[in-house]
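Quick setup: the structure tokens below cover two forms of a single protein chain, split into structure 1 and structure 2.
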Structure 1
């Protein structure tokens, strides 16, 4: 039937319809899920990806794995995009999204085979999702009104437990929490007020605030700068609270290696996005002179223009000059004489962040409205001290005690570059989680506890539905169990037995009237010993928002793919279209 002639349609391409395409899509989704499956959970393992040049990437991050794999199948690509979306929105839980989505698809496909129309399945999944989300909000969410460090650290630990830095989670979770907090503390009053507003509204109606949560989201993470330098051990990574590090070294050896504030004067940093080179006219500008003496003066003027600029910057009080462009050797001398640290060819993004952190501005031109050149001292950023530090084989400029908005730098150290890259990704996830927690103030137990509880709840809920959706909701309930199951399988435990135990405990908790049994809803897996414990007490927690989002994304993806019943692949059009 995939023959174009038999369908009566003459398409320059191939067409698949009905069950064929559905089976194909589901198989593809499962294949994608299988790839990332083993990286889930605290005992998940890493993947090594080698590209055609031979560059190596070692990672445990679901989004990164999928991004790097060349997924060709269109339906599988939907899943990959979805994981990316989760990565952008929440920053964590990418692996679980893919796994849940593929499980929903598999079960959905089976239902279709049993003669249930896809639209029924879709509406069933929607109902189930709605019920699940409201259950999480009502029952599972723990509101942490005064969020102690302990909970933040626990959440960070949970997120990094599956990653390469998991073994040093005590150290890194503290690093992550400190980093996020240091950013928050330095935020202006308006920002702090914003946080509070967000926090309270979110705890009441967590999902509603999501759309406007986006701007908030960018602020802290961009202020945390992660620098990687290989050498030493991962435990030698450190946080420069309220500081900033730039991967640049002073341009001339005659410059001081550090400047610090004296008598209450802060160290002033000028951030430039312009050349401090001998001035030259733009392309195509020709100067034609009649008098040969003029040419000499032009030459002299060229040098003087830059000198005057530098003089203005120095007179404005700058102690440190950073520029994204070049600095001429002949200009270097003025800085050396003034005892100023000057670094050239800095990363522009870094400078922008530094400008924010120190309360300065990146200056692109010195021209003012009157056509003169001035350097506004307001553009200068302030900090306590700047020094050049040798790290490994190179040097970096550390800026301590920034005076502007919050900024922090985490300097990661590790055995080699692959390890550093992976540490960076892992830490990024944890930072996202901590930030989410700080914003939303709510958390849910991890380790499969939420999924098991939902599964039991949805099963009961299904029985109250009289329509065809009942079966679908039941399948949805079963599909959620894939998370505890995969966790147990990865830990090489008896998955069936553990999950059965977990379910029965949750069922007991939900059906019992007893107050004591209510706490049973926080029971989750202990993957190290292969037992069941209260994960809230054990400190395995996740931000509620992350859980809800991952359910939403997974369901949406499953629905999108299930709706497809026809696939047309066009051949490459030859000749003019």
Structure 2
């Protein structure tokens, strides 16, 4: 007779199966979604998060809220990862993707209770997703071959409408668009393949690198540096186009406050990741001195070694020296005498970004292959001028006219740390939206227009399905209405009436043969007045990729959780097995 323990009948832990697991998973997912639900839309509310040491975070960014929560339930953690994924891939739409996923889960669980097998639900969700993405690309997407600033500014405004800078969206949207455009670079074939894989319209001519001799571009957000400084109004924030600001000041008062290019010679910047301090003998080295004069000669030689090292940097043509480590008084003396700006304790990441912007390299050591100390002039970055500017309580170094791959710095001003952090998060979302629109050249109307149109279309599509999946697709269609409903509830409007009107208008547009009615597919919610309007004309738009990605991610997350029918929680093993 076989040993019962070896057959796996006795598990060192707890086991939940069937409907109990699904109910637990769905309840946990809904609890997470309910946390962020009230922060959706232009009139969404903020959340205050206080950690274990009393630090306060005030935000309404879905990804930031969920990242700050220490979620223990494994199914709820899937939604937290989902929000992070949406944030990394698109940069915006993190709240809506979590809300859609939780609604799909809730409806899927109800279908299981009504006797529909989970495999049928999963298959139906996949069919509905395929039909929805196909409809968005065919009907909802507006291809903008040469995107004007107006469309980009509207997309940035839509993104920041729910954030702290929503009231000044005219100012900040222009700032975001200018910043992204300032870091334009030629895209490679691999970049373009990536854009297409991320969901830009396949039918668009722009999906090929050079369809008619036209070059595609990329906009690396890593080249945009955001610097936060206390003081003044948020409206005093500004963009240094083609320039860079670094949060550092001159190491000594005797150094010049600015350096400018002269007679066609650019200002050269040396970026170092090493100490500029008086040379000292290594640890463990013992020197036996019989003549006291030898001590003075050793000290003099140490000073000479330091002087030679500084001289090599100066002879290479450096006008500005920035280092991540310390600079002692002896080195400072040489820099002051040479009329060079030197700053110490700079942030290493900022220096790497500045090196890319100015076409230079961060130098970690001056030793060459032969063991001698040299400084390669090719490591120097180039710019038009460097100036020390007083911002708020301290000074910053502004680098103008960078000669590298393009860089920009946005200097944010605000009353306090919480406000600056939230402005930074809001601006990051807007920068991501503008980048995605410029790279994919496609947009869709916002304000619940796409969800309402998809809901009506999928309802009709479900009637063409002859299997049990028909019920699942109808539930998927109804689940998408959670976005316009939540938007209306958060705006203190009558959600039932508004969503009913919206569905009615979209049904008329999709079933009518009249060309005038075809434009009704762009109708969405006006949450300020509580009416229905054409959101494409009103300028409430977002990148098509954001909508497509959020549907794909939400559906996959819901399917992942619905597939689970068994949960085994193992106990901590005590003693030898």
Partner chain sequence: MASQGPPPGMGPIMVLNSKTQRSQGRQAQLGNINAARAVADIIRSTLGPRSMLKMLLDPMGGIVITNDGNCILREVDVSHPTAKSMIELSRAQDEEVGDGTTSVIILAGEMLINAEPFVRTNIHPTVIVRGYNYALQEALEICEKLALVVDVNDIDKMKSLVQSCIGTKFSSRWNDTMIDMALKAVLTVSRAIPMPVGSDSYSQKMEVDIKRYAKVEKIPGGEISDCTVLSGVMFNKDVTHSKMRRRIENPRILLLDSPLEYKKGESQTNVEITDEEDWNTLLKMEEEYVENMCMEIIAFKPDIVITEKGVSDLAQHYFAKANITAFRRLRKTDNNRVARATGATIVSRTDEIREEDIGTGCGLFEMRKIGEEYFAFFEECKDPKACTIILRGGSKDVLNEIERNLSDAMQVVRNVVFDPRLLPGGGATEMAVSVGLRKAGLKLEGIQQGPFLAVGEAMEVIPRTLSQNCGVSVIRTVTQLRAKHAAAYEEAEKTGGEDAFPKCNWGIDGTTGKLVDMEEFGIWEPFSVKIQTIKTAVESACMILRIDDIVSGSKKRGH
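None of these values were measured; they are calculated from a predicted model. Definition used throughout: the rigid core is the maximal C-alpha set that superposes within 1.5 Å between two forms. Numbering follows the first chain given and starts at 1.
- Of the two copies shown, the first one, structure 1, is the form predicted in complex with its partner chain.
- Core-aligned CA deviation for residue 466 between the two structures: less than 2 Å.
- After superposition on the rigid core, the Cα atom of residue 478 is displaced by less than 2 Å between the two structures.
- Once both forms are overlaid on the rigid core, the distance between the two CA positions of residue 235 between the two structures is under 2 angstroms.
- Look at residue 298: with the core superposed, its C-alpha moves 4.2 Å between the two structures.
- When the core is overlaid, the C-alpha of residue 368 ends up 2.5 Å from its other position between the two structures.
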